[in-house]
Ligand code: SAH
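The chain that follows stands alone, in the form predicted alone, written as structure tokens.
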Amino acid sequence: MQTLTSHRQADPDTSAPGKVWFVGAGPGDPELITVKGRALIERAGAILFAGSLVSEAATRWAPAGCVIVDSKDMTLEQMTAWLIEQAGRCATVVRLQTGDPGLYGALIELVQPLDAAGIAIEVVPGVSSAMASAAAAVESLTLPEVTQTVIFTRVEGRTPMPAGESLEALAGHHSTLCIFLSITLLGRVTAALTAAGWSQDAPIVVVHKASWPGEEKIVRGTVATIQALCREAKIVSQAMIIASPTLGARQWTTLAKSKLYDASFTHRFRRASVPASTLTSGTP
């Protein structure tokens, strides 16, 4: 475990148990943490960060005297014991998690022992790597008349998938798929998409370490080519796979426009100024 110090003044000790804040650190760039998350780091007496996924730079706003520990070599029991111990000595304890705490994190597993110990907790959301990946690639996950649905999922590996949630079944909707934790199983991803009826030239975008300064990689390919392209780029971890009928829309020659901004569309802030127009469907 690693302990660091910084320059601000940490919260003073308190006789009452402190609160543990589960803070989403965002996808990698420390500046993508929320304002609220940064403010909590600035006054924290103790921070436990997921060093295997969260950049240590995210702790740079921590105050002098703050105890900062990397949890990458800790078990769940060691982590909860540490959080409970620190909550007994300082007012603000931060568990800094990658992305958003509610997506593919051990949030509930960590919260239950704290509840049992009578420790107050609160969750601060963060920017998911799915959103950061779409932003990095300048892609929209939804488009009018193309898809209005986004599915966050993963491929079955050592962690089984619940009944009805196989990638093939979800891919059958032909909506946007943001596939987490599956880059080493990319062959299974493309096989599932193929079985669900996606064409071999359907576009795929893979983003490695989205928003990480100097480390981000974006690979564009198709169902047929993406595995070889990622192998060539040596992407084997921390990657978001996006499969979507919206990919590449930036280059489409026709695009269905949002009705919210259409001059023929009336809503509570603006009345239509021209007759209703016929919108064309988006096509590559």
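In case it trips you up, residue 1 is the first one in the sequence shown, and so on. Fair warning: this is a prediction, and the values are worked out from it, not measured in the lab.
Another form, the form predicted together with ligand SAH, is not on view; read the next lines as being about it.
- Judged by heavy atoms within 4.5 Å of ligand SAH in the predicted complex, the contact stretch among the candidates 67 to 75, 168 to 176, 103 to 111, 142 to 150 is 103 to 111.
- In the predicted complex, residue 82 stays away from ligand SAH, with no heavy atom inside 4.5 Å.
- Put simply, residue 181 is close to ligand SAH in the predicted complex: some heavy atom of it is within 4.5 Å.
- Residue 222 falls outside the set of residues with a heavy atom inside 4.5 Å of ligand SAH in the predicted complex.
- Although the partner is absent here, residue 242 sits far enough away that none of its heavy atoms falls within 4.5 Å of ligand SAH in the predicted complex.
- The putative spot formed by 133, 207 and 210 is fully lined by ligand SAH in the predicted complex; each residue has a non-hydrogen atom within 4.5 angstroms of it.
- None of 34, 246, 227, 238 but one reaches within 4.5 angstroms of ligand SAH in the predicted complex through a heavy atom, and that residue is 238.
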